[in-house]
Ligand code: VTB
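One chain follows as structure tokens, the form predicted on its own.
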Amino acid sequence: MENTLGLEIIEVVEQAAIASARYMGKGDKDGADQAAVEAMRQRMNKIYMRGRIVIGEGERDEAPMLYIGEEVGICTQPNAAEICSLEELVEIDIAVDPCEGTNLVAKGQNGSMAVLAISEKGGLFAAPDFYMNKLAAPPAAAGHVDIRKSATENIKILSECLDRAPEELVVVVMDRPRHKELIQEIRTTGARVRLISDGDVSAAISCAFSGTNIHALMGIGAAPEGVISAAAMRALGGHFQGQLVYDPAVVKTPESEKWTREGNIERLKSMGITDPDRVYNANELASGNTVLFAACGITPGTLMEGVRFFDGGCRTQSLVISSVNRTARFVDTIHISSERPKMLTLH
């Protein structure tokens, strides 16, 4: 699966990023999302595979979706029997976020990217469109920090594992009212807080790379993005834990008023989740034998440049991570759209 799909999933996120980047700074987050969705779907339907979306676009945003349960790939088309050896074909589960950080694109801000994760059937946790409490940390702290501990305890552990004073640590937190107490507690330890408005997948993954000046991600974000982050962190050896948040009173968003705690618990039961308070680690959220993660920057970010257009084409930077050979590859690509583009630049 890795050899067959590795290059092609890079092209999937590249095409989604390029399409979405055309909306950068235009104030149209749904347009940016729609363009990414359509480009991602179109490219996936050209891949020789039988894929199924297990994590799609968030229904909360009332945005266009690659919906959960949608089948993609050449071998899901009506004439699949004529061109595919269905008996030998591995079925693929796919988690996608075609435009992670739609508001960032709309406002022309840093940190948006197109992302996906794939595994064999059953290899990715089918997270409901709930929220998730998350903890991400570098490989050196894996198995030492714990989401069930307080922020104060985890920062002390992180300080010891990384041999850094708390004042040298940077913790990323989503800038939301629900995190007021968490932010204050982190600051009390001496650690520094980097507040982000959107896009916690990039923040989680950045914990695994030195030089990013991000040492932990803490707090509540979207559950589907938690699974995608876990897929990358599993392959990188980083620490990731997630715990579903089903109580609207904890989330503290206007949309959560439409939910009820009891209704959310029933929905989880209907999905086979009998312990709503369970803490999941990266290996449980992305449990497949083969897990691949791919991302492409839409706007500039910590790990990747955004899409850069020039007369006759554009340039993208992508990241593909494999759990099989434990590699993280940064891919710099020039896409030529004109027969006679102007001179290409290396910078």
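Position 1 is the first residue in the sequence shown; the rest follow in order. Only a predicted model underlies this, so the values are computations on that prediction, with no experimental measurement involved.
Just so you know, the form predicted in complex with the named molecule exists too; it's not on screen, but the next bit is about it.
Residues within 4.5 angstroms of the named molecule in the model of the complex, judged by any non-hydrogen atom, belong to 126-134 and to none of the other stretches in 163-171, 126-134, 208-216, 237-245. In the model of the complex, the named molecule sits beyond 4.5 Å of every heavy atom of Asp93. Heavy atoms of Gly73 never reach within 4.5 Å of the named molecule in the model of the complex, leaving it off the interface. Taking the partner from elsewhere, Ala222 is found to have a heavy atom lying within 4.5 Å of the named molecule in the model of the complex.
Taking non-hydrogen atoms only, Arg178 approaches the named molecule to within 4.5 angstroms in the model of the complex.
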